[in-house]
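Given next are two forms of a protein chain, the same chain in both, each as structure tokens and marked structure 1 or structure 2.
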Structure 1
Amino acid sequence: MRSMRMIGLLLFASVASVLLVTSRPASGEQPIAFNHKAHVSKGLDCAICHRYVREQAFATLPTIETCLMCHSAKMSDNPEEAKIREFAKRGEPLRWQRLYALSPDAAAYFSHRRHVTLGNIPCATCHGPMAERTTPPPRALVRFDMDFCISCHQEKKVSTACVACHR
């Protein structure tokens, strides 16, 4: 009995260490330290990178092709900027870590178009001062739970029936 337990413990320890070594970057760690302020302050529209934010449910995160529209040639001495071309040379896609995602168990329908285009709600109302960020935030700046949705819907007299959101 004793030795079985020891073997189990050893097995667990070895599996755990393998998992630790090969695990993905910690959440919030991005492939490139992207600077929102540097871009937005130059007058870049959010939809250049979050392409479908006005037309569809998902805003989407930019692919490397979007970055290369401007960054195919060297633009600054910032090593983070050089990374873009390194990724492109290796043919490696940019795997941005998502900060905002509703719980899949809740199966709620959220549409950016409905809120941004039809509801005229500014991005900052829900995403906080993202445009001011000089580094990627390690975690979501605003916590999205059901109260977050419901409290605004109540205030703006929008439907709060379960079936308006859940599916």
Structure 2
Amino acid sequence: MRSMRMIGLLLFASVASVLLVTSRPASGEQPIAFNHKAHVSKGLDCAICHRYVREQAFATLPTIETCLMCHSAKMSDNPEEAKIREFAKRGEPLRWQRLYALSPDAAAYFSHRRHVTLGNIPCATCHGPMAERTTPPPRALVRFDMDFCISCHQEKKVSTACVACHR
């Protein structure tokens, strides 16, 4: 029994050292210097651009079609807005640089649906003050590691069992 407990502690320590979500610096700039603050202040919900954030594990990044829902015609003199129509005219997709991604080493499962819809956790809890950003951040605003996730699970009084996230 004692050796099993020791194995469990060693396993926990080794898993705890693995970064759950990597904070990758962008390998260049974002295709559009998106102003979250301007859009949020007009009442746009995150799910309008990040479709499926409430229904699926992965919250998508906005497509050119998503942007064109509002910006197919000129709304302002902002050159970033004009870029959207230029991308569309060339038939090019927006190639956003992902800032958050699960580390393959973590072997962890994360579901936006589980956290956003079922857990009612605000986006800012994990993504930081993105709604206040007037330009895209060069890297993730919040760095996740196992301690970050365990602390949140304990605070919310939800399972901290390994199998809850590691499958």
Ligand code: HEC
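If you're wondering where the values come from, they're calculated on a predicted model, not measured in any experiment. All residue numbers here follow the sequence of structure 1, with the first residue given the number 1. Each form is matched to the other, and the largest set of C-alpha atoms that superpose within 1.5 Å is called the rigid core.
Here the chain taken from the form predicted in complex with heme C (HEC) appears as structure 1, while structure 2 comes from elsewhere. Core-superposed comparison between structures 1 and 2: the CA of residue 143 stays below a 2 Å shift. Superposed on the rigid core, the forms differ at residue 157: its CA is offset by 2.7 Å between structures 1 and 2.
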